[in-house]
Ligand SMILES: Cc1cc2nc3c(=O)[nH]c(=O)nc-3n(C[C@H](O)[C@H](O)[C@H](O)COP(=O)(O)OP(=O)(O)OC[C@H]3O[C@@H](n4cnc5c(N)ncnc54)[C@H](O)[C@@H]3O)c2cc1C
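There is one chain below, alone, in structure tokens, taken in the form predicted alone.
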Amino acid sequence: MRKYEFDGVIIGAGHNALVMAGYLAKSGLKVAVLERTAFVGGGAGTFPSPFHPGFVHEYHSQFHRAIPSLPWYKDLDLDNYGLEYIYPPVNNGMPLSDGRNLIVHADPEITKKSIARFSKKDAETYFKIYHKYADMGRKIWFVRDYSPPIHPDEEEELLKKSQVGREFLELNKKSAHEMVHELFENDALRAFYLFLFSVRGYLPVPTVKNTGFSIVAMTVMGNKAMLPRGGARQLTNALSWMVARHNGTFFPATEVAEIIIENGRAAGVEAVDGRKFMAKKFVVSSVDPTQTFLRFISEKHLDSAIIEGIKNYKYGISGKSFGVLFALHAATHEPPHYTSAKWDPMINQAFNTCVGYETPEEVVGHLSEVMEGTPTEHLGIQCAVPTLFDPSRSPNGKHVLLAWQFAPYSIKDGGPEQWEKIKDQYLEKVLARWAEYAPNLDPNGKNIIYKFSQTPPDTERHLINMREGDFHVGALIPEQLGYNRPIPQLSGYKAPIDNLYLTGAGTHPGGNITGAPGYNAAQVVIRDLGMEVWWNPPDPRKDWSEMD
């Protein structure tokens, strides 16, 4: 069987793997990227409708935040590869059952006016937070995400040295739930920020401590949702073209059987069909930790503590099912027309829309139900109509709809298999809930061209990295965040085998379209090879020591 030779081999072609490959290839290294499926992109994938030509759907990634301002977008020259991001001005909307709505606009002045119709005090608070804490977010949150993790004790000591760092630590001691009640007086606004917190996949419920700054971060970043023209796959297409231009090589439909270990070092990868991809300098796995360590590597090469740690690594909080979604996909003749457009017509142009949550108690109660394995009856959904901003995703002025509903992977007393029995009924419930706020989406009306569901087990089948339907490839819980991701022994993108590295959503800082795991892991590999880091990554030890 054929054997290939490269400087390095990367397993998986999700966006983090491609970001990493971009940096390594641009550094002059001969890189191979192996992908199990026929497509690059992983969770950033766009797929044609199974029912009607011309419509395309996002099965995983929909809301991309501030991508063109991220360092890897600029370093890898992605503007030169046909990638174009659309920034919807009405970034978020929240229709209410009483006919009012809340708008979060790209322009914070417009957001302030919308909030002021509910509470003048909250409007002033929002505006103050938006401007005051943007600098804190850049200095601390951004630096932490876009650098290899450091031990929590060292991080705290560094932050304690500055006023801004101490303020961050104090804010973060609180729970997200405490923060929204401390900051705002209006229940709808409180619910909206807990919704933003939750849909980012943070922790089981927003009452968990040490999540307070996330509410501040959502205030600063909550109006930055974007979408790439043509679909999420255009991002990964651009990344793959960039890698190929710098002599990177792609091997699609190449499923990995094992990582080849010779003399205690990672020497390459063998595919299930027997082809071998030898690596002179490094092997990187961007797939989930379970596959990497319990499938690709023989246990004889691993310490028992690592084996135990990976076996205990939690997806969707294993049985508790947070970070798991049930999706409605649909096509329509016309977009949703919200009843609350009489209050503010901008609601009909919102990109990211919160439907069904109106109080903090509803958010917490819903998530608690999901944690117990119950597909909740009181639906609260995240909705999007990408064709309002990108008509290329549907034919003849028609529209594509997406709604995400938190749901358990394993249904209480029925297991994951129960989804096959109830998915059609639950799909109708989700659509009917949306129609309560936008009546032209009536499931029995003529507006719907077709609709179909995506259950949590469907997500797992579509992308095997997303075990138990977990779109973060590992629960975002304290014991699996930062220095602890995926486990402390594997912190910093390094495996305990020479020349073997990790990236992807199973590493710091986790899932979502951030590129941060790939950006950070590339720096680690380049430094270990003794090569120049030609880009300018943040350094928390230096940057935080210099804060006032």
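Just so we're clear, the structure is a prediction, and the values are computed from it rather than from any experiment. For every residue, the number given is its place in the sequence shown, counted from 1.
Although it is not shown, the form predicted together with this ligand is what the next lines describe.
Partner proximity in the model of the complex, defined as non-hydrogen atoms within 4.5 angstroms of this ligand, places exactly one of 494-502, 46-54, 507-515, 24-32 at the interface: 507-515.
Listed residues I115, I381, A279, V287 were compared with this ligand in the model of the complex; V287 is the one with a heavy atom within 4.5 Å. Proximity to this ligand in the model of the complex, defined as a heavy atom within 4.5 Å, singles out one entry of W404, Y426, F142, Y130, which is W404. None of the heavy atoms of N520 is located within 4.5 Å of this ligand in the model of the complex.
Heavy atoms of Y483 never reach within 4.5 Å of this ligand in the model of the complex, leaving it off the interface. Looking at F471, you'd find a heavy atom of it within 4.5 angstroms of this ligand in the model of the complex. None of the heavy atoms of I86 is located within 4.5 Å of this ligand in the model of the complex. Residues of 441-473 that come within 4.5 Å of this ligand in the model of the complex, judged by any heavy atom, are Q454, T459, L463, I464, N465, M466, F471 in sequence order.
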